[in-house]
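This document opens with one chain alone, in structure tokens, the form predicted on its own.
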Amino acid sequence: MSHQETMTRYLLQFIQGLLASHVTSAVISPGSRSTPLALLLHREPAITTYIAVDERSAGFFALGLSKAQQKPVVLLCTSGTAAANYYPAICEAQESQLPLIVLTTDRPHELRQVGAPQAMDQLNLFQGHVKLFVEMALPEASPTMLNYAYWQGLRTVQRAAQVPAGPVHLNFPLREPLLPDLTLGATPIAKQIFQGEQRLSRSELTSLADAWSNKRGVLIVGGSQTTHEALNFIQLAETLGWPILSDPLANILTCGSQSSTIIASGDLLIQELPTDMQPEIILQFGLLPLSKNLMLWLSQLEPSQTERYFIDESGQWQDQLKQAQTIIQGSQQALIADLVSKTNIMPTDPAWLASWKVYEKLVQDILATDWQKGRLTEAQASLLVHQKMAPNGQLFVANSMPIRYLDRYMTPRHTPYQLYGNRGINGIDGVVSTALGMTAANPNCQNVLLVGDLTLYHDMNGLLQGKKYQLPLTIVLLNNNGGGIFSFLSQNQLEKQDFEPLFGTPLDLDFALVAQLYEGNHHLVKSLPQLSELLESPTEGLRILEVQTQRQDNVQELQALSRKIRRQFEAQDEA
């Protein structure tokens, strides 16, 4: 059997293992050493392939596909520094618990560490940021090695998808010649995989129900959740009669529910609550939400008066405050279903939730009055995006200020949409590419990216995927010519000559030219009604809706609002 036939049969069996684990998408960064895998994946009809020449962008594009499809996605590149450019996306995938199957191709062992071109140490390249690393054997076509290749394809996808999900890395040493035999086919192998859920026993469920019944509690929901999962969290809150405070990406405010348990603008009200609003129970699902004010409020609660429960589905003990007295390891959704259907939890006094709604209404009334002027600010533009999302659309929100605007100002909607973001490491890397991956997964719904100018600039290469595949993404650009979040932080006390180059970092870019470069449309938005009209109009490809603002105006707006809320809360407490 020739080298070409041996290599082809070996790689085809590996791909059969991927297919048996229901992989349907692959992102390929072209190169020489990856030729055989790239060709065989590209010609496999059951796998949709996307070509992305910039590896850093490719990694985040695959991340977006994985988010929106909720399944593992393959990522393939050639040898050398190509793989190193996947590193930011792999770090984000690990922290966001998203399954990626990272395939790097490599020089064979005899060409390593001898000065061969485009050769570097790719073993354990991503170190502790992948769940599993496999150095694949050199291709052989014996029955044992074909079964080995299939088995690795099958099990690595399963490993990536197991809770906590995350990336896995397989390194393929390949000898030349690299062109596969495209006349050959694989031998299918039938295997079935059954997976269960980690659930509590009936006695454990009863113990929790007894501990929470008739208690004043607060439900905290972090992490990224689907609309269906969000509705289940709300059902639990309604069963208990507790307010629910959440991260924007938990989709509690975007799932279409109008439940009275949902507390909007929690970031604005939480620090002004009177001391007699201390709960007896804190029930936290997953990571802490985005709000720093919520984190500070939780850390200031008297431990002897508040019992804390942390539901840790991942088993990683990611309790930032480390104050939980009880840690529950198991499926979040299974726990909710069992608590609601298999126990007799007694709700608390309705006055508890009513008191929270009083303070929420104070904040909402202030916002309604303050924003009647309809000024085009970053905060109001962000809120308008939330309000104008089409039913079942997809919104990707960037880090720094955009996600904080949604966290502060969103209110529950009557119709659902799905909100996504990269909050694993909270960086600005690859946001455009991730949003385009999200769009590629569901191109027939409304797709919007809410982003700042620095973040857009940092991943402009990603826009090529939008042009290449005609992806219908509307980019709402909040352009304050620099790093707006630093104007809210202690760095803003620095003199201008220090602040501007190090933290303000003005770009002075003409984003109309950026849109032109990638054959997109550009609109300079002058008013909220104009933005509303543009958001309601359909798009067939890329477009940038640019909102130009001043950084200091955004700071002054929040400061003025916070003062009004504090005065209203003080007046309420005195009444």
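None of the values given here were measured: they were computed from a predicted structure. Throughout, we count residues from 1 along the sequence that is shown.
Another form, the form predicted in complex with a further copy of the same chain, is not on view; read the next lines as being about it.
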{"query": "Sole residue of Ala84, Ile189, Met277, Leu184 within 4.5 Å of a further copy of the same chain in the predicted complex, by heavy atom", "finding": "Ala84"}
{"query": "Listed residue (Leu174, Leu154, Ala119, Met410) with a non-hydrogen atom within 4.5 angstroms of a further copy of the same chain in the predicted complex", "finding": "Ala119"}
{"query": "Contact segment among 66-74, 525-533, 543-551, 29-37, judged by heavy atoms lying within 4.5 Å of a further copy of the same chain in the predicted complex", "finding": "29-37"}
{"query": "Proximity of Glu360 to a further copy of the same chain in the predicted complex, heavy atoms at 4.5 Å", "finding": "no"}
{"query": "Contact label in the predicted complex: Pro501 to a further copy of the same chain, heavy atom within 4.5 Å", "finding": "yes"}
{"query": "Touches a further copy of the same chain in the predicted complex: Tyr309 (any heavy atom, 4.5 Å)", "finding": "no"}
{"query": "Non-hydrogen atom contact Asn392 with a further copy of the same chain in the predicted complex at 4.5 angstroms", "finding": "no"}
{"query": "Contacts with a further copy of the same chain in the predicted complex, stretch 531-548 (heavy atom within 4.5 Å)", "finding": "none"}
